[in-house]
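This document starts with one chain, in the form predicted alone, laid out as structure tokens.
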């Protein structure tokens, strides 16, 4: 059985969740933030040590400015006041992974304060990928190799990625919202990640489905390019059918 150590989530579908209910898109992001808190609790319950969270990509910067500001404010809320106090009380370490040069000085100070205040927390480390682009991350790591005068290699690039000091590569990547692509998310780190795609919009992601995705991962025979054997436990397909049928009917 595989040990699930690191889960990464592409939180797609917040805006569509709000639109389908006749609400402004911002309310979808608010609902997503509330479910993020649940995901953190589920990770703690399962003993998962690392959680990567796709907050804002470089491509997202083309969106409406009001929507972007709302997303940024929610990120600030998670790193200050009650959000920061909650993280510390639960043993959650907060880490910013993205282009820090694009953050305003005020926002960067908030993130770095949260990193400092939670540095000793050791139950769950959460990486916020914000102002993040996967290709951009690799390019910057390669440039740092040149600046540091080291040979460009897999090890030297890996050591210079945004989250290199805090986590291993993700074991499982979950994408909500129905699209089956990574959208530039962790291209270097995800080469052997298992991928779980679901039509469920992120605000509707339930404890049942999250736990099922983790259980599904445990049943996969992982070879990392070695001898190939049956890849999924025999009963996994049977377990998978029922929850997916319900979600497809619900999400239309």
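Numbering follows the first chain given and starts at 1. Remember, predicted model here, so these are calculated numbers, not experimental data.
Note that the form predicted together with a small molecule isn't included here; everything after this is about it.
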### Message
Can you work out which of 95, 141, 84, 74 has a heavy atom no more than 4.5 Å from the small molecule in the predicted bound form?
### Response
74
### Query
Which listed residue (27, 194, 204, 67) meets the criterion of a heavy atom within 4.5 Å of the small molecule in the predicted bound form?
67
### Message
So in the predicted bound form, is the small molecule close enough to residue 51 to count as touching (4.5 Å, heavy atoms)?
### Response
no
### Query
Looking in the predicted bound form, any heavy atom of residue 221 within 4.5 Å of the small molecule?
no
### is_contact(residue 60, the small molecule) in the predicted bound form, heavy atom dist at most 4.5 Å
yes
### Message
Taking the small molecule as it sits in the predicted bound form, is residue 55 near enough to touch it, meaning that at least one heavy atom pair lies within 4.5 angstroms?
### Response
yes
